[in-house]
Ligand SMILES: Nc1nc2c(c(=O)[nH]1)N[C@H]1C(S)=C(S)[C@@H](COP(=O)(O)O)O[C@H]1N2
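Here's a solo chain for you in structure tokens, the form predicted on its own.
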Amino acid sequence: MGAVVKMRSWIRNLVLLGLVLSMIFSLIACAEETEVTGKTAAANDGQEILITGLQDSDYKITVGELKKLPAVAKKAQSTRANGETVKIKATGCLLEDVLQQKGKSVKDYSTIRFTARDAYSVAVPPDVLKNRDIILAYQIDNKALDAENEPLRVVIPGERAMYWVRMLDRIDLETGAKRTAIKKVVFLETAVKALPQEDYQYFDSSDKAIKTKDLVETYAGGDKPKNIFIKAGDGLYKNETPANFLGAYIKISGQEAPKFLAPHLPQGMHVRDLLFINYGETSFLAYSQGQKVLSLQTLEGQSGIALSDLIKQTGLSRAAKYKFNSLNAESLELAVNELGSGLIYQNDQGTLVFACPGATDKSLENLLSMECMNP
């Protein structure tokens, strides 16, 4: 009996020893984790972010200086282009507070462009600047940023994940990123017929693509815009710098076409299902997307895009007279009061056609462009 009691006592002591050792190891691990986190946070404090447009010369601010501003902590949720939902808690300072130090406000700017250290960049449009908080986060989910996010991550609760720029390196404050009045609409499906087409390897598919530079030089060579505005069929609206745009491609066949993309641009900068690209005074419109999202009407048994909706969507300027051009160098000029219920449709051969009741030549095949005529 005594041997049994001693055995039980020995086992109990062994269990207690195990519990004590487990607690010691846990404390050591916590201390090491705290030390590592502290080192990471301290290392980030000295990293600089360049801000342009805030004062006469470029301005640099460190993460440590940003941490001295009032901190905010907000839960945010957004959706990536692939449909994945992102949920985080962002802790940092508001960009508004950074600008207030220099007597400025986020709302003073027409566009704010964020650029990452991996060259990813995105411009936030005016409607977002006016209605959303922009957080420069130095913690995500109560932890210091890791190497894939540091030194800062932009978080805009309620907006697309494309605006949540990681590895923030530069902030450009712009006041002149307004859309130029559109004087001409070029229809992409027709335009590409006259341009060199290349094989473009897109994952497992070999598709056709054109260079944006070829498109612009052929149909909008005189324009020199500072910003290029892009809209997708799902409502995505963004602008690009000339450097990024002119070094890219438009994939015109296969999955997600037409798609703006380039091998040197991060995936998050690609835009699928293009509706239009406004380049200076020229708008390049994809009929394939237009027929999905714009108003359709029927004329003599043909269903197509209502001309009035096309003008409104692209921002084509009002004019007393418009000229319609075909790829075959044919043209048709109509006064605004002659347009009536005109529409654009694809015939059985997939060719774009402009039709307008009452016009002398009521249709024009292989429609290439529509432009405002000078008074």
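None of the values given here were measured: they were computed from a predicted structure. Don't overthink the numbering: it's just position in the shown sequence, from 1.
Just so it is clear, the following notes concern the form predicted in complex with this ligand, a form of the same protein that is not shown.
*The unique member of M167, L236, L94, L296 whose heavy atoms fall within 4.5 Å of this ligand in the predicted complex*: Exactly one listed residue reaches within 4.5 Å, namely M167.
_Heavy atom within 4.5 Å of this ligand in the predicted complex - residue from I230, L195, V128, A161_ = The residue from I230, L195, V128, A161 that makes the contact is A161.
*Taking heavy atoms and a 4.5 Å cut-off, does Y219 contact this ligand in the predicted complex?*
Contact check for Y219: no, nothing within 4.5 Å of this ligand in the predicted complex.
*asked:* Taking this ligand as it sits in the predicted complex, is E300 near enough to touch it, meaning that at least one heavy atom pair lies within 4.5 angstroms?
replied: E300: no, not in contact with this ligand in the predicted complex.
*Considering only heavy atoms, tell me if Y202 and this ligand come within 4.5 Å of each other in the predicted complex.*
Contact check for Y202: no, nothing within 4.5 Å of this ligand in the predicted complex.
*asked:* Residue-level question: is R153 within 4.5 Å of this ligand in the predicted complex, judged on heavy atoms?
replied: The answer is yes: R153 has a heavy atom within 4.5 Å of this ligand.
_Candidate stretches 301 to 309, 68 to 76, 253 to 261, 114 to 122, one within 4.5 Å of this ligand in the predicted complex by heavy atom_ = Only one stretch qualifies here: 114 to 122.
*asked:* Is it true that K183, G315 and A319, all three, sit within 4.5 Å of this ligand in the predicted complex, judged by heavy atoms?
replied: No, the whole trio is out of contact, none within 4.5 Å by any heavy atom.
*Which residues in 260 to 286 have a heavy atom within 4.5 Å of this ligand in the predicted complex?*
Heavy-atom contacts within 4.5 Å come from P266, G268.
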